[in-house]
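What follows is a single chain, given as structure tokens, in the form predicted on its own.
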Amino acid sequence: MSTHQDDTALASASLPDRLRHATRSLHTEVERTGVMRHLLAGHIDRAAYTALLRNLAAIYATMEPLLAAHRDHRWLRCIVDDALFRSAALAADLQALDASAVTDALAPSAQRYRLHLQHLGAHAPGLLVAHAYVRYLGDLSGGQVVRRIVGKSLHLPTDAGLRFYEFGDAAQAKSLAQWFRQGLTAIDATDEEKQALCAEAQFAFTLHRTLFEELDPGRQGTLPVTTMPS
């Protein structure tokens, strides 16, 4: 197929297909970066995993109130559902793993991510769709694999510390992922707007890549941290 035909096919593709195509290589790269590389290999300790959850919790705690506040936006209303929200589960996991981690300092990249999300909430809330796509579909699919690896690596006797990945049983998680993809497909956006959403999803993956690099257990203690503003 020629480049022109490729471009034509992509332009007519659904939004979830375009997002997947735009982020495929970055997704693979991020999974092999820093702390995620250690985690997926089953080589992560409680301290490194808790640090990861702490930083993700800060990102969700910023993103989810913005999604809720703008849920009537013509795009966000297609994909926002409280069943997706992870903030409460992350807080419970941190409490179960290490209560002191709830107030630990953030990696600089997590703070930058939070500021970026706040900027979108104030100026371009529709682009939050891209960040919801990166986080929630990952949680609903690959997150289920991560749950098994973490439970085995940390020898967790119960689900305490693993609530982040709880979406009900496998059928419920699959149904929620399907609903989310259908919501993405229902978003009424121009080709230019879809390109902007794809570019924002790519940026979300680059933000995650930097965060996972900073949280690499081999680099801990060498980077500055940023305290979370009140």
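In case it trips you up, residue 1 is the first one in the sequence shown, and so on. If you're wondering where the values come from, they're calculated on a predicted model, not measured in any experiment.
Not on display, but discussed next: the form predicted together with a small molecule.
Stretch 128 to 136 is the contacting one of 128 to 136, 72 to 80, 150 to 158, 86 to 94, since its residues have non-hydrogen atoms within 4.5 Å of the small molecule in the model of the complex. Contact with the small molecule in the model of the complex holds for none of Ala61, His116 and Glu213, as no heavy atom of theirs lies within 4.5 Å. A residue is said to contact a partner when one of its heavy atoms sits within 4.5 Å of a partner heavy atom; Arg181 meets this definition for the small molecule in the model of the complex. Taking the partner from elsewhere, His27 is found to have a heavy atom lying within 4.5 Å of the small molecule in the model of the complex. Remark: Leu53 does not count among the residues lining the small molecule in the model of the complex, judged by a heavy atom distance of 4.5 Å or less. Taking non-hydrogen atoms only, Ala48 never approaches the small molecule to within 4.5 angstroms in the model of the complex. For the options Ala57, Leu66, Met36, Leu176, the residue carrying a heavy atom within 4.5 angstroms of the small molecule in the model of the complex is Met36.
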